[in-house]
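Okay, so here's just one chain, in structure tokens, the form predicted alone.
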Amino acid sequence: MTPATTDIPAVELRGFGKSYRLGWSGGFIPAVQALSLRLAPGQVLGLLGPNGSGKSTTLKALAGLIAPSAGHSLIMGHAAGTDAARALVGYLPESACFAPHQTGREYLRYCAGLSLLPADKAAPRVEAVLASAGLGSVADRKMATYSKGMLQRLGLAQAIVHEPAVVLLDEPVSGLDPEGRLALVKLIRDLAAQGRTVVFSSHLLAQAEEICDRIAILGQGRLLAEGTPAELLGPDRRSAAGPSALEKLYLEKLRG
């Protein structure tokens, strides 16, 4: 599907919070608290933060996999998790699961079917994303023979096979070699150029600084800083001998 031009935010969190129960008789522990963000169509947002900061929880909520404990998570004005929102979203989880007996091509055809792509559109679309992921030559091999990096690229391919308006990527560089990381940067740029919205989590700060329209730094479930790279970093530029401006800000915010 092709994203439409609209004044409605592509992604919006309004006072979003999520808590998890500590056992059957225990209390609740907050994973994310009072998070509010807005992202326009065609923008790229990088969610940055250490393990346990709430990045994956936020992405799962936007994908409609978990319900908010407080506030709202919206996709193009639709509550995340509704049929209308799900049709607009492509999602790569941090630890994707694959059926080892399937080939890469079979898996993507299955994903295209789940996304209700018509058969006449599904076949050429599968071939296109296989090529863009650099998997065309191994498309008919069983996934049991794929390397970790190949599986990660296949996961990226399934997230965009149905041409979603919003693409959610949880630690997409995990398992990718330098060449794969460069390909990921190109993919994100291409998606944004097509008017699609991308939200991804990462520990690679310099890469986020390079490709994001907006950056959000999370710590212990709270928003520590958010804005454009220029708003957050000013005129600072990366120093060859030291950390980048974004790396400095990240460490400053986490250390309080």
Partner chain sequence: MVETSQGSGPASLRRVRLIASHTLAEALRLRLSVLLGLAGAMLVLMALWLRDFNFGATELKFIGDFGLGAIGLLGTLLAALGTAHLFFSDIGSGAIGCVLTRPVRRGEYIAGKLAGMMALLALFVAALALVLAVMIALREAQLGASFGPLPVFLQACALVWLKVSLVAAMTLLVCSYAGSALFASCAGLLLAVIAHLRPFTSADGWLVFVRLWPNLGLFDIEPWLAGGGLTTAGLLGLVGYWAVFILLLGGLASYVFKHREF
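Quick caveat, the model's predicted, so the values are computed rather than measured. Residue numbers count along the first chain shown, from 1.
What follows is about the form predicted together with the partner chain, which we do not show.
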Legend entry - Answer option from Leu130, Ala165, Leu74, Leu184, heavy atom within 4.5 Å of the partner chain in the model of the complex: Ala165
Legend entry - Selected contact from Leu117, Ala79, Ala139, Leu176, since only one has a non-hydrogen atom within 4.5 angstroms of the partner chain in the model of the complex: Leu117
Legend entry - Partner-proximal stretch of 130-138, 94-102, 176-184, 145-153 relative to the partner chain in the model of the complex, 4.5 angstroms, heavy atom: 94-102
Inset, instruction - May I ask whether Lys60, Ala84 and Cys111 each come within 4.5 Å of the partner chain in the model of the complex, counting any non-hydrogen atom? - result: yes
Inset, instruction - Evaluate Ala67 for contact with the partner chain in the model of the complex, applying a 4.5 angstroms cut-off between non-hydrogen atoms, and reply yes or no. - result: yes
Legend entry - Exercise: Val161 in contact with the partner chain in the model of the complex, heavy atom 4.5 Å: yes
Inset, instruction - Decide whether Val89 counts as a contact residue for the partner chain in the model of the complex under a heavy atom distance cut-off of 4.5 Å. - result: yes
